[in-house]
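Quick setup: one chain, the form predicted on its own, written in structure tokens, and binding and motion questions come after.
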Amino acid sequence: MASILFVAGEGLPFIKTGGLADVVGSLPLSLTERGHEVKVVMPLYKKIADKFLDQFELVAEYSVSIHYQEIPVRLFTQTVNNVQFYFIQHQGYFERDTLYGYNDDGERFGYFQKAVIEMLNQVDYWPNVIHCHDWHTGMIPCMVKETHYHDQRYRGIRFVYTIHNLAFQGNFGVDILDSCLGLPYHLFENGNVRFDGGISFMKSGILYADKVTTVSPNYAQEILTEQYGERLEAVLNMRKYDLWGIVNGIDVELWNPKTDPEIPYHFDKVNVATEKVNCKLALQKEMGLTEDPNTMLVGVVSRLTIQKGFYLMMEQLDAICAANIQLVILGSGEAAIETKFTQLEEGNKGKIAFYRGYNEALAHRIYAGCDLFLMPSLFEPCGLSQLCSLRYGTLPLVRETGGLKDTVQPYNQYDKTGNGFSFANYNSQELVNTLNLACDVYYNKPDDWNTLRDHALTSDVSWDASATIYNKLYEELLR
């Protein structure tokens, strides 16, 4: 069994902005249950410090060089469910209102990665594998291999780099290469880290890691093409024989309709017919919708962006509003989409409800109370929302892209297989046609609908299968 250090920009149970945090919160626990020693390190953000700092143990104080000055590092730790978490503290860099999106992000995460590399020396911890996640950690394999190759302790480490979303690459000016990362300029000149006249953390991670993974088999194939490769497809094709697509899971204890404290009625396959309807009625009442157990309730829990397919919905609002459905939307994002959903709610009281922002408890009740879950993404590396909806017997309606194609099997009217509905092309008419098909099955073929619901409830959305594949990856890496 291996000793593995996860390095990430965020992770549950401490902080979350997206699906990365769910993975960092769940996968280490599954790997630990398989006998691996797994530790996690992330920045100590303001929200973490405000809530947890007094529970943490200070284990080291040291410094790293940024802009040719020694910048102090304080390292804290806490163990949760047999996984040891480390936190890199620098109040100026990380105790801000949000996690990312600042002009000095290259410097901030250059500091973080340097601090992680030196952390190993400070606490005398030498993992077999460092598993880096997304752009925030992409320079670690490069920095270790280019500047620590003389040290056998570092030289023995193997690197896995996971792409959670190729669209966010960590591209910065070349000026930070030496001043913040401590790397020689020839790595820019020879193209190893060069991208668009600057440097790319993501590209560097892809090139320097021993294995590269992404979060679904289908997305692993898509990103080798110009359509989905975000201008890194040539680099990815260089590493395609080391590229693994491993679908994400979810925490099936957190997302469990039998025990979920956030939902008013609990159910499983035995009593789903009655108790899911009660969840639906409660959600309709909570959101100001007409309380009707027979009307199909469609849910959305999402960032409201072009990636998530909401421009398809904008093109077909008349058809969607005319359908015999109710619609409940939870999310925030682009102002134009938020405004349109606000207007839709005002003009369709009792039929459409929009909650602007994010509310974790309400998300649970939407997954539990809806009949159909809408996720018509332009691209989707893996997707977690469709896995949550399956867990609650809510049928996902998705576009066949990335992990959505890997996890949602479309309804087959002939052999009654499937656990949801899907359409192939990024086309608003296909979305409406598939929504109409779902309505037809719901209203006119209730036995088929109940069969699909049972298939959804019993779909394996846990980390078990995926953790087994990661296990094989680590074993292959350490041979």
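None of these values were measured; they are calculated from a predicted model. Each residue number is its position in the shown sequence, starting from 1.
Although not depicted, the form predicted in complex with a small molecule is the subject of the following passage.
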| property | result |
| --- | --- |
| Proximity to the small molecule in the model of the complex (heavy atom, within 4.5 Å), stretch among 358 to 366, 191 to 199, 274 to 282, 146 to 154 | 358 to 366 |
| Interface residue in the model of the complex among 301, 236, 287, 395, criterion: non-hydrogen atom within 4.5 angstroms of the small molecule | 301 |
| 308, 136, 114, 391 - the one with a heavy atom within 4.5 Å of the small molecule in the model of the complex | 308 |
| Contact label in the model of the complex: residue 16 to the small molecule, heavy atom within 4.5 Å | yes |
| 4.5 Å heavy atom contact, residue 140 and the small molecule in the model of the complex | no |
| Residue 383, heavy atom within 4.5 angstroms of the small molecule in the model of the complex | yes |
| Residue contact check: residue 170 to the small molecule in the model of the complex, 4.5 Å heavy atom | no |
